[in-house]
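First, one chain by itself: the form predicted alone, in structure tokens.
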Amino acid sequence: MALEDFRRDQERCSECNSCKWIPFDQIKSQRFAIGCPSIAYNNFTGYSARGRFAIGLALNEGRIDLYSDKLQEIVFKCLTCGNCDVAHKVCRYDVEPLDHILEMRKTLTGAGQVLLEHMIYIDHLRKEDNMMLEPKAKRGDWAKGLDVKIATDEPCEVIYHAGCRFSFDEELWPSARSAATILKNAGVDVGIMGKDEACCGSRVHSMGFEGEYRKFAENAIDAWKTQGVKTVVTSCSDCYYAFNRLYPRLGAHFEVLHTVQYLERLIKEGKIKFGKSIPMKVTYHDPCHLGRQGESYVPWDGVAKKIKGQINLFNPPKPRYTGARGVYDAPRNVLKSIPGIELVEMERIREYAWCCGAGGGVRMAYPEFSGWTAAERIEEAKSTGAEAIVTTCGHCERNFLDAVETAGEKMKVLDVVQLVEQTM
């Protein structure tokens, strides 16, 4: 697609402001009513989905210059969390705010309008297959000492894909090691790619670098096909989104599961037994790419028409990604099955959850904005009386850990899989 293809959406926006808030029937307090971190932090309408629609239309009509530092900032100072997208679809299902923002980014990167802060990571990705600024030779170090298959050496039905954050962030290694160990001990024919694993491409896709994304996606798909892989399991929500929502557009046909989905399956089958109790009150944070963006891809090849010049009609009906069918129950069911755990909910949950602040390249280019967003979520977690915020994404975990350390908070930050292993 091209930015011009979004002209209908740009003109169709009715300035209802739904993109800025969680739906009004979901609001429980004024303190936690807003949905879009970008507009909340910058406090100017240009940073909302509505503002970006207006800017996109102005670009299409040649009324503003593509080569502008301020335009760059407005386009890239967005977490691409998708909160505006699902909230907007409550009343306007026929516009795509998130896809529009991603297309604006592709337009800018295609014209050479890239952030210097991003290029540091893109250059490293091109050389070392990751944006963690680490050598690719260290990719499999997280699994040292684990008796788990290396998929390139022997066949396996299930691939466990750790992802860049879990592979290179040593503080988070225990989560990946626990996931691989639990699967293996439950009798799953699981293997890892080790040093041959590479970036999924999800994050670079959200930053507008489509060529780099396709390279990594196509390489992964080819490798899994060659090895006869049937199921791909990952602990990274960004990777889950890539494999489940993006890769099928390139011809991928694998079963894709997040670790918590597989854990829920193993618990139901009686292959995971809990022997200890963890007396702890926790609250669960829904990662954007596992939750509202975790809906499976539905192919569509149709046309848009207008009836009497006004009413929009898609023939055949267009898939409606409302966020409601994301992965919400599995992590909660796993937590509820752990003896001693008391789960309490924050005000903004499921498809209307507040973002952790790590996505869309914002942590790389605008760390203050990223940190502020994480701190807002920690405040919401504290309001529940929980002693720990639990999540299922390494990027969320890292941003929360940094926010807690910066603020000197006592809130614990945990991964669901860590709690499961502690009780076994």
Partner chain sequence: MALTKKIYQLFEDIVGPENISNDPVVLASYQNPINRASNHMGPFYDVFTPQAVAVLLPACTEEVSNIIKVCNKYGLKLKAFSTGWSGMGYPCEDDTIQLDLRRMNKIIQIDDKNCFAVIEPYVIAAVLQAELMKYGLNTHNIGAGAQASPLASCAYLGPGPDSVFMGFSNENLLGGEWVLPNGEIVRFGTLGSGSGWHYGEGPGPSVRAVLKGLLGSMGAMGVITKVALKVYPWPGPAVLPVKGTIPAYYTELPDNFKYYTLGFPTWQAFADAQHKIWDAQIGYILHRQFNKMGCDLKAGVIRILTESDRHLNDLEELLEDPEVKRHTEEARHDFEIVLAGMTPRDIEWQEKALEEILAETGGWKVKAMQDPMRNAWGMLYLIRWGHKNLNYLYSGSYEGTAGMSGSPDFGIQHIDKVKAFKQEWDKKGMMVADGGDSSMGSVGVIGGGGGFGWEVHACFDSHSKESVEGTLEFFDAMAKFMKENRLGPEKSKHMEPMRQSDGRATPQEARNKMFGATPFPIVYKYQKKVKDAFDPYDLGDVFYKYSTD
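Positions refer to the first chain, counted from 1. Note that the structure is predicted; figures quoted are calculated from it, not measured.
Omitted from view is the form predicted in complex with its partner chain, to which the following refers.
Contact between residue 285 and its partner chain in the model of the complex is not found at the 4.5 Å heavy atom cutoff.
In the model of the complex, its partner chain lies within 4.5 Å of some heavy atom of residue 74. The closest heavy atom approach of residue 46 to its partner chain in the model of the complex falls within 4.5 Å. Although the partner is absent here, residue 296 sits far enough away that none of its heavy atoms falls within 4.5 Å of its partner chain in the model of the complex.
Judged by heavy atoms within 4.5 Å of its partner chain in the model of the complex, the contact stretch among the candidates 394 to 402, 374 to 382, 25 to 33, 354 to 362 is 25 to 33.
Only one of 245, 149, 332, 92 lies close to its partner chain in the model of the complex, with a heavy atom inside 4.5 Å, and it is 92. With contact defined as any non-hydrogen atom lying within 4.5 angstroms of its partner chain in the model of the complex, the contacting residues in 3 to 17 are 7, 8, 10, 11, 12, 13, 14, 15, 16, 17, given in sequence order.
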